[in-house]
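Only one chain comes next, encoded as structure tokens, the form predicted on its own.
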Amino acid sequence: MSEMFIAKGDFPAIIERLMSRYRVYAPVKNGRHYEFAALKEAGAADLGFKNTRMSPKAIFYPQAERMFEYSLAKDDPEVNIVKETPKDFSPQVVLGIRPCDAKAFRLDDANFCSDKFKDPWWAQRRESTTLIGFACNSPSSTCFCTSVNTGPFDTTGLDAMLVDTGDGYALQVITEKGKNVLGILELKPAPAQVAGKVEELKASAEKSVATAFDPPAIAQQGTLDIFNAPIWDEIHFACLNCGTCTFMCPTCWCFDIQDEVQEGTKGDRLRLWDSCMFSLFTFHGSGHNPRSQKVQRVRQRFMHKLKYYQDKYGTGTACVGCGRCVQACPVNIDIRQVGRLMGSGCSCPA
């Protein structure tokens, strides 16, 4: 799979050349955690990470985004002036994204960029962005990407991919977009032995990821059978409905829209991340709430991830096995165990 090679000593200069043409996002260390941020200097990029605490989803879908601005006309206070808030869709590169996060964007496209409906801001950001992935040589113990139709070296959704071979990075160009961006770098072909090294690393990484559950087994279960199963009473018991799992998930896309008034004559309409784990998420203006109970909200989260997505789109799950929710849940609810229960006829273990 190797086509080109970058020595680690040359890597900062490569990033600088990309920064001269594009806005570049890359993993940077922030305290104890890593996060994706727009680089101000090449040396800030740090590929010595397992995974970022949050996925780079916010690059396409900001956690808080001003949609429109409105104000009263000066000459006629009865007239509202509404205009879309300007947005930047200039070309950008996301460097070092893990394969699971890139695959997540493909799953999110089903919601934001389908044949029937398109979110114009998501679509334009996706079009203007080149994804240069970073293969996962040493998956974490909480990773289960191979159980959900992806993997530590999966190129799905990527325009190019880097592989750390020890002394440098093997680079595979995958799409025409990737070719156009990386063409400015004038990189050298990879030595013949690098291809074998990459295959060894791939085999080792995939072997290290344990099987978590079987999505086809879940797909074969009746939707109402899982919905009405007794397992939810046990699964939801410890849940705090804190929403941590949904905010960290690269395939959660729920949002709320709120208006904020400034000085009585001006205001903004905002789109904000929301969570199905919050009691107000389904609260109606009438006062009715179809998911007023915690058990209903917990069930909704797992049903959407592992069952409803398959039922609606006929393929895959709305999960890429990044393991963030497993790592961050304060009460140790594990989606891998829930998936096993859902696929085994929903019988709780003795």
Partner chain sequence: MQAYTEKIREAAKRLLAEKKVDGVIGFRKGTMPFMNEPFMAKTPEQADLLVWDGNCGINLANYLPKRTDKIAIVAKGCDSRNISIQILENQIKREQLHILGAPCKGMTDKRKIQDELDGKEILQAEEAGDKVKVSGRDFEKTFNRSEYLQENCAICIHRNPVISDEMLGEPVQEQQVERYEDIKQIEAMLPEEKRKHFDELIEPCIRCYACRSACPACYCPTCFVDESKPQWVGKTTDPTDTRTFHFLRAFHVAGRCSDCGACERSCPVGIKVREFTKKLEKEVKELYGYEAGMVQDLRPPLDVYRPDDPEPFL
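Numbering follows the first chain given and starts at 1. Just so you know, these numbers come straight off a predicted model, no measurement behind them.
Separately, the form predicted in complex with the partner chain exists; it is not shown, and the next lines address it.
- Candidate site formed by Glu3, Ala7 and Ala195: none of these residues places a non-hydrogen atom within 4.5 angstroms of the partner chain in the predicted bound form.
- Just one of Gly168, Pro250, Gly151, Pro139 comes within 4.5 Å of the partner chain in the predicted bound form, counting any heavy atom, and that one is Pro139.
- Among Leu187, Ala219, Leu272, Ala123, the residue placing a heavy atom within 4.5 Å of the partner chain in the predicted bound form is Leu272.
- Heavy atoms within 4.5 Å of the partner chain in the predicted bound form are found in one stretch of 94-102, 176-184, 257-265, 126-134, which is 257-265.
- The partner chain is not drawn, but in the predicted bound form it has a heavy atom within 4.5 Å of Asn241.
- Under a 4.5 angstroms non-hydrogen atom cutoff, the partner chain in the predicted bound form lacks Leu18 among its neighbouring residues.
- In the predicted bound form, Arg23 stays away from the partner chain, with no heavy atom inside 4.5 Å.
- Among residues of the shown chain, Ala203 is not one whose heavy atoms approach the partner chain to within 4.5 Å in the predicted bound form.
- Interface residues of 56-73, taken as those with a heavy atom within 4.5 Å of the partner chain in the predicted bound form (partner not displayed): Gln63, Ala64, in sequence order.
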